[in-house]
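In the block that follows, a single chain appears as structure tokens, in the form predicted on its own.
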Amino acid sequence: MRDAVTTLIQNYDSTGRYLDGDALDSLKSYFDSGLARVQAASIISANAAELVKAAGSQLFQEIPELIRPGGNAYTTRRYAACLRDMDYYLRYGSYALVSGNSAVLDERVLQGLRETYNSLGVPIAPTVIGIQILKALVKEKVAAAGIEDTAFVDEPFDYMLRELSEVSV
């Protein structure tokens, strides 16, 4: 897993360039937000079960057919698998949040996910809604902890949403 620093340096090294003003500004921004990123990850870690449970409850209130007979979260096994997957998105989202790099999401969560879900008949749209709900809940928790600018929280969740929402035409 790479972080924002190693990715930036690798990109400059591969082209044989010194770090320029843009690179240094990017590093400064990353380091300036470092404490908030670590605090947010700590908040996620301490509240993960609560966040996943709340996101699942909200998702099933918004799309109740998921838990009705024939729905993709009907039966205890499927319901548990849905919450397990939400926990994966939250955990890996927290890794990407701290590292400032979404590569871990590709490596550990997103590669092959669409194909797997399609082969199992799992609809992508409710997954996207669940991740949106998780994002909102995390931002609420982070803001409640006194972190004023929560925009950095959007990065990993928005990345997952974009990747899962893309449709080949």
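Note that the structure is predicted; figures quoted are calculated from it, not measured. Numbering starts at 1 and runs along the sequence shown.
One more form of this protein exists, namely the form predicted together with a small molecule; it is left out here, but the text below deals with it.
(message) I have Leu97, Val142 and Ala151 flagged as a candidate spot, so tell me whether each of them has a non-hydrogen atom within 4.5 Å of the small molecule in the predicted complex.
(response) Contact check failed for every one of Leu97, Val142 and Ala151.
(request) Answer with yes or no whether Thr116 is in contact with the small molecule in the predicted complex, where contact means some heavy atom within 4.5 Å. (result) Yes - in the predicted complex, heavy atoms of Thr116 and the small molecule come within 4.5 Å of each other.
(request) Would you check, heavy atoms only and a 4.5 Å threshold, whether Asn101 touches the small molecule in the predicted complex? (result) Answer no; every heavy atom of Asn101 is more than 4.5 Å from the small molecule in the predicted complex.
(request) Would you check, heavy atoms only and a 4.5 Å threshold, whether Gly34 touches the small molecule in the predicted complex? (result) No.
(request) Check whether Leu137 has any heavy atom within 4.5 Å of a heavy atom of the small molecule in the predicted complex, and answer yes or no. (result) Answer no; every heavy atom of Leu137 is more than 4.5 Å from the small molecule in the predicted complex.
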